[in-house]
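Take a look at this single chain, the form predicted on its own, given in structure tokens.
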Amino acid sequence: MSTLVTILVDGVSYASWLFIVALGLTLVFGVLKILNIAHGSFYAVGAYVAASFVNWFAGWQLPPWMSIIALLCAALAVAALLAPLVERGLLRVFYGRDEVLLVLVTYALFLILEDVTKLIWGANPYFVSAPYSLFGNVAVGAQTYVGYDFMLIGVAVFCGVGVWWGLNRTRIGKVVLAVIHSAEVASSMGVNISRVYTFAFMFGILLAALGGALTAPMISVQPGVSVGVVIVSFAVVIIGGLGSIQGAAIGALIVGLARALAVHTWPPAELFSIYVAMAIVLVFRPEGLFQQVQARKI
């Protein structure tokens, strides 16, 4: 019984930060129709900037809880500085062209950002464990877990509910949904499509950077961390269905629980278990669990 509880807690904890990252990926695809290969790089940049900010805040002899503020500031800084630069200076040039070309552009951006992070932070790993101990330990049955993991679950729920509410219950969200359904019709009604694209891309990058910032205290931030994240994030959105918020949530839970089950029963199959879960879903639902079938345009 304790093993089952451990698998559930580990799986949901892993799914929480993964959902935050995948939510940004599916939002960017839903609005801009771009499969952003560089999404994992923004995650990595968020983790690096968070590690730098936490160490910087520590040098000022601030209270320990301020390290959480440092994580949030890091995510905001990455979104505010990088997202407009990338969207307006690079992606906007290729709007309306072949989707494969946009995939290649984001892949090239992924390679560039990988080298940029090495130039700025070097090849040595960064460790920033201060925020991880702020929430103490939580006893679940006979097992004790780190409170930071449960905090991550709460943040993931907040992000998911917040994005859903923002899209479905606010005026700005209705405008974004109008652009998702038909950018041409929305433009003819006076919607500034370019501004919506910039806003959506910035918010998607914010979620990626937030996922990186929040996981920085749990891992060693080092070159190559973005590769694994973008692969697993794509697995999540493929399982759930591209452009679906609820699909990203269910996909993250499936991936998280499959990974946790493999780690606690057969560790060599950790990464393989994710692909097995994705293959099983695609056999029965090739378009993903929540992807709506769209009518063919003539």
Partner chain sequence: MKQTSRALRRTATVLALGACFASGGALAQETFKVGIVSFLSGPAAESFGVPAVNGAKVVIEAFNKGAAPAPYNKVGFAGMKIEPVYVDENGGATKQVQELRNLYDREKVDAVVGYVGSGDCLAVAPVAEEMKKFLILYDCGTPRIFEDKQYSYVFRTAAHAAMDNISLARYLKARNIKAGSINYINQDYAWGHDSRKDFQAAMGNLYPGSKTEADLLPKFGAGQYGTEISALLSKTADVTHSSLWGGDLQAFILQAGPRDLFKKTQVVFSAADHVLPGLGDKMPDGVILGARGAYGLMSPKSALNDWWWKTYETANKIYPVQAPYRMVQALLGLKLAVEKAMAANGGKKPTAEQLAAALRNSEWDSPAGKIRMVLGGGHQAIQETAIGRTKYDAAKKMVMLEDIQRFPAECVNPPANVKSEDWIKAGMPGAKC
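Just so we're on the same page, rigid core means the largest C-alpha set that superposes within 1.5 Å between forms. Residue numbers count along the first chain shown, from 1. The structure displayed is predicted, hence computed values, not measured ones.
Although it is not shown, the form predicted together with the partner chain is what the next lines describe.
- The listed set N168, T144, S187, S194 contains one residue whose heavy atoms approach the partner chain in the predicted complex to within 4.5 Å, identified as T144.
- This chain appears without its partner; in the predicted complex, the one residue of G228, P84, G173, G162 with a heavy atom within 4.5 Å of the partner chain is G228.
- Looking at the partner chain in the predicted complex, residues P217, P223 and L271 each place a heavy atom within 4.5 Å of it.
- Considering the partner chain in the predicted complex, the lone stretch of 123 to 131, 153 to 161, 197 to 205, 174 to 182 in range is 123 to 131 [heavy atom distance within 4.5 Å].
- Although the partner is absent here, R88 lies well away from the partner chain in the predicted complex, with no heavy atom inside 4.5 Å.
- When the partner chain is considered in the predicted complex, L253 lies well away from it, no heavy atom lying within 4.5 Å.
- Although the partner is absent here, A249 sits far enough away that none of its heavy atoms falls within 4.5 Å of the partner chain in the predicted complex.
- The partner chain is not shown here, but in the predicted complex it comes within 4.5 Å of a heavy atom of P267.
- Taking the partner chain as it sits in the predicted complex, the stretch 232 to 249 comes within 4.5 angstroms of it through a non-hydrogen atom at just one residue, V232.
- When the rigid core is held fixed, the Cα atom of A58 travels less than 2 angstroms between this form and the one not shown.
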